[in-house]
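Listed next as structure tokens is one chain, alone, in the form predicted alone.
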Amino acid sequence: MAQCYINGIGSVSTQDTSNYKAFLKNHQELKENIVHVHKPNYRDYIKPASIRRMANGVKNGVVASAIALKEAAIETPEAIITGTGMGCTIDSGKFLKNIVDNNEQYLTPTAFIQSTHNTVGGQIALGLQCKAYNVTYVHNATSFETALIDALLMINDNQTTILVGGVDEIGDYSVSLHQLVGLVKEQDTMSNGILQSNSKGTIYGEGAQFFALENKKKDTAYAELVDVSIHDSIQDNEVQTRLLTFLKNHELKATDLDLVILGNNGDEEYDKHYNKLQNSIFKDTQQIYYKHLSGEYHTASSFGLWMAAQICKTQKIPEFLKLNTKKVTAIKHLLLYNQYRGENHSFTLLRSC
């Protein structure tokens, strides 16, 4: 496999992350059960006349991609690859409501056009006047990882600059559905943070993270993206086996990892997948988590990768991310493990550069 480097990153999240140079400087642990993004100054990146016509997810994706490309000094990428679980869910709701309200007649197509899952990638391409490969993956909680795998394949096929990202937004209707089936925590369980909530469900969040991937390391490089592996439905006792096999493919053992980033989201029913690894093969490894800062959404793992890239570059781990007290002096190999409600397991391996 050809080497793949993360040379630029951009994030619009529930934290103030649009300034990538101030790594979680003013972080706030989430205490609400439904959390929206910390809005950047959209006018710095998007023409004012276009802002009002864009869905929130589109605006956030355009800003995050612009930040990543600018840092990597890329004018036009050779591919734009996006992952999203829900797409532009707000405009989807508007269109469906219009169908009902207008008895399926005299519908304007605007909300439908803006509600398709590939709207984010399309708007980024329009802004850059980029006519290259442009694909959106909608694979539930592995949507972003699938986009990363496609990017790695393209880098291996001699493509040099790939823009890849994960985007999801909050819509009132989708929130109500998630609450109806118990996927969102009750507000009164949130006072002590998600890991101490002792309840089902999690924080419902949103965000957009983009990464400029290239086959050559630049001065701005954060880390080398080594490999990504995804697994749909596997038994509880298979997770460790699949993980060890993934590491073995790169001549690594669990003890070779300097840091593990886990997707703990406070759901007492499904955090057991992380807990088993925390108390077994990773018991002597520094462990951190991130969904107390980002919330849970289908592409929340992109925030985890954004955070991992920052840690690889700075070689510093903020105390408010730590799950245990193990010490690490240097971070060379870093693993992200994420799953969503017992399915859509993913492993992402980084190497510092």
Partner chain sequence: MENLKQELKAKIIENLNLEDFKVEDIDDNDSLFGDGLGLDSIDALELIVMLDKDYGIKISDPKKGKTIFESIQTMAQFIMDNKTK
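Residue numbers count along the first chain shown, from 1. Treat the numbers as computed from the prediction; the structure is a model and nothing was measured.
Beyond the structure shown, there is the form predicted in complex with the partner chain, which is absent from this document and is the topic of what follows.
Of the candidate stretches 280 to 288, 51 to 59, 296 to 304, 64 to 72, only 51 to 59 has residues whose heavy atoms lie within 4.5 Å of the partner chain in the predicted bound form. Contact annotation: of the candidates K322, K31, K316, R43, the single residue with a non-hydrogen atom within 4.5 angstroms of the partner chain in the predicted bound form is R43. None of T255, S191, N158, T110 but one reaches within 4.5 angstroms of the partner chain in the predicted bound form through a heavy atom, and that residue is T110. Although the partner is absent here, N249 lies well away from the partner chain in the predicted bound form, with no heavy atom inside 4.5 Å. The partner chain in the predicted bound form comes within 4.5 Å of no heavy atom belonging to N275. At least one heavy atom of N102 is located within 4.5 Å of the partner chain in the predicted bound form.
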